[in-house]
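Shown next as structure tokens: one chain only, the form predicted on its own.
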């Protein structure tokens, strides 16, 4: 059984070839409510076979620093796609169904108990309680994962809170994503303005202890001259930072946001979560073949995701630590250093799924960057060299 019917849970089911799989989703409809910026690398569109969900293509970046400097980084390459996230979820779910999975919507996971070498799951739906016995639960149920909680998987390093609104405004520049940084804009994270064709998506995340995201959103809308624009949809949510130390137990695997498979710098979790989901599906098939669902039997899943996406997540945590430790004055100084053609050329090669790959070329171009956080940057370099 897979708990969670988002793209990650659906990817587990779609790749669990030949297994009898049920996907349980707490909401009444797949893809609702939407809680995602919807900006992803083209490789994720390809992974999901969801080209029809693309609503815009991004090739450049405008980075706004606290003191007013705007760093424009164009590129000849496609850096990201903006998708219709609701439709994206539906397509992923359909792939799971095509692979033979049963989709059960409107049912919440309420816990499990051991039943011999299996687990007995309690679900709650419109008709009341329902119990299902299964040899394996894959928790893909988000940062508040009931599966991870009940299995004693531990806690995330931190949680950031976010808010986002779609506005009935069409931006003049449709190929650049706007990113705003600084304590007054989005303390501990960043804000974004994304062109989505006929409408515009504006949002931000903040670290805990800085008030509510809504007050920062209102300030950003005013700064951007969008405070009077008609609102289509407002959503809010939270993002886990830093993967769990443990993502398996007897009869249990957790994946995606439930496991902390989220990029610490951007908060994006589709690429990392779907990669881990494929590995979880393979481990599940191997466990079925062996007839063994013990933690030892499921260990390859954790080993493989840590070897694959885990290294980038670890580096992302380190880069985030350096970023959060910078004052607005530091950020403005950084912006001044980066505002030169050779540095912008390096930035234009960046990959939103692998941001740590910029560290070494940026240091070769601007060795003075080391002064901002020498210990963390040296640790990053050592990890890069030892990969």
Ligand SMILES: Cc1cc2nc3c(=O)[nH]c(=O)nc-3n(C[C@H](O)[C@H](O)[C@H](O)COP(=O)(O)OP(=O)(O)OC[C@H]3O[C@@H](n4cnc5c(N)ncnc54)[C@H](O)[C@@H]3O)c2cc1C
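Values in this document were obtained by computation on a predicted structure and should not be read as measured data. Numbering follows the first chain given and starts at 1.
Heads up, the form predicted in complex with this ligand isn't pictured, but that's what we're talking about next.
Visitor: Tell me, yes or no, whether residue 216 is in contact with this ligand in the model of the complex, where a contact means a heavy atom of each within 4.5 Å.
Guide: It does not: once this ligand is placed as it appears in the model of the complex, residue 216 has no heavy atom within 4.5 Å of it.
Visitor: Does this ligand come within 4.5 Å of any heavy atom of residue 301 in the model of the complex?
Guide: Output for residue 301 is no: heavy atoms all beyond 4.5 Å of this ligand.
Visitor: Tell me, yes or no, whether residue 35 is in contact with this ligand in the model of the complex, where a contact means a heavy atom of each within 4.5 Å.
Guide: So residue 35 counts as contacting this ligand.
Visitor: Is residue 63 close to this ligand in the model of the complex, meaning a heavy atom pair under 4.5 Å apart or at it?
Guide: Residue-level check for residue 63: no, no contact with this ligand.
Visitor: Among 45-53, 22-30, 65-73, 327-335, which stretch has residues with heavy atoms no more than 4.5 Å from this ligand in the model of the complex?
Guide: Contact criterion met by 22-30 only.
Visitor: Counting only non-hydrogen atoms and a 4.5 Å threshold, tell me whether 93, 148 and 281 all contact this ligand in the model of the complex.
Guide: Result no, not one residue of the spot touches this ligand.
Visitor: Of the residues 182, 125, 237, 310, which one places a heavy atom within 4.5 Å of this ligand in the model of the complex?
Guide: Among 182, 125, 237, 310, a heavy atom within 4.5 Å of this ligand in the model of the complex occurs only for 237.
Visitor: Using a 4.5 Å cut on heavy atoms, which of 316, 195, 243, 142 is close to this ligand in the model of the complex?
Guide: Exactly one residue meets the criterion: 142.
Visitor: At 4.5 Å, heavy atom to heavy atom, what parts of 1-23 sit next to this ligand in the model of the complex? List them in sequence order, or say none.
Guide: In sequence order, 3, 4, 5, 6, 7, 8, 9 come within 4.5 Å of the partner.
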